[in-house]
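Presented as structure tokens, the chain that follows is alone, the form predicted alone.
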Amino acid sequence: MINIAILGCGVVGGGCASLIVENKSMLEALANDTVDIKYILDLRDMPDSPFADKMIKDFNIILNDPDVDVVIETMGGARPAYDFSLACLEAGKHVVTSNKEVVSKFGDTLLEAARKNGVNYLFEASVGGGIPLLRTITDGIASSNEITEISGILNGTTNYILTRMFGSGASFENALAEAQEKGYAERNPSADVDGIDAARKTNILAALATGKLAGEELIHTEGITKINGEDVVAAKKYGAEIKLLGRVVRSGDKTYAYVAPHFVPHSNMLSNVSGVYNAVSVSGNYIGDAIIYGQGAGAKATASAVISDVANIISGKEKHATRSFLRDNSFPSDFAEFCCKRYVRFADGENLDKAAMIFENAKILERNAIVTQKMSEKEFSEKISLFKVENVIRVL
């Protein structure tokens, strides 16, 4: 018998439990053994849950039970999720998670613990929800290509807000309120709208592409709170949509990783991704550009990705940890050297003649907005310091 324990019975944890029960026969066929949920850890009393007989409040029961083979961590937050995951790995239990914060902050330590103890630490659901993204990158594209760039819409909440701003002309504030009403955004939406959630996912993608895990504070991160109707009008005039992108860009021996809003031209498929959906473009030196698209959040989509990892473990496809992340404080490269074009909206109709002189060959979009030529972050910062600016958006 294969026994599974679930840490956390919220939206994702409950979804995982339901999927295991509903697809029990399929999982047992893969494992050639019986598969059962033995414990579900949650501090809340849930007498009406269909899994009430599995509920416990003491983590040590799971840790000290030698019959627990696989632990699914869906608690959210860094602690105690990290501590519980590490303890389970050291006890010889496989761990599967959807927790991008833990993977982004502690993935190197947890993968090393998995390797030392001959078990797996898998996290397909940590980026892209239900999209089979990480395995496609590592087992598919990266196995035969040098990955040169990953650019993706990694947060469904911000993509929904931007879609509403473009589609209906809603203000940022109204689009956010609508997202909260529909359950797409939390009451405190900072992790989404300030880019924090996307930055954690970008950090994981960078680690998959390079094998190096950065400190989260080293991922340059911007959100969408400064975007308004003027920017939307300018983007349409430019022939683009505004999308919050997480990007990993490799250029020679440099690798840049950052999150920021972008003008995405209509010629790029990412511009067509709307609502709460996610999409990631992966570029390889042989495959060219590949787009991976799908539902990025929700109980069923995320649970599907979690249980796909469980299925790979119990079927024997994942016999022990094969990934490793190296902690490198010099990674990623200095963002000041990163080069791109930028849309600039000046305050109060700044003198465009002066802007045209400072930003040579800039494209004028509106009475107070331009798109610059490609230049480094350092050069742009020096030039823009001469102006009063209301918003800057990078151009893909």
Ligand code: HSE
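Start at 1 with the first residue shown and count on from there. Keep in mind it's a predicted model, so treat the numbers as computed, not measured.
The same protein also exists as the form predicted in complex with ligand HSE; that form is not shown, yet it is the one meant from here on.
Candidate site formed by 100, 155 and 184: every one of these residues places a non-hydrogen atom within 4.5 angstroms of ligand HSE in the predicted bound form. Between ligand HSE and the residues 241, 309, 231, 192, the one pair within 4.5 Å by heavy atoms in the predicted bound form involves 192. Among 297, 196, 292, 113, the residue placing a heavy atom within 4.5 Å of ligand HSE in the predicted bound form is 297. Of the heavy atoms in residue 201, some are within 4.5 Å of ligand HSE in the predicted bound form. Of the candidate stretches 104 to 112, 155 to 163, 245 to 253, 70 to 78, only 155 to 163 has residues with heavy atoms within 4.5 Å of ligand HSE in the predicted bound form.
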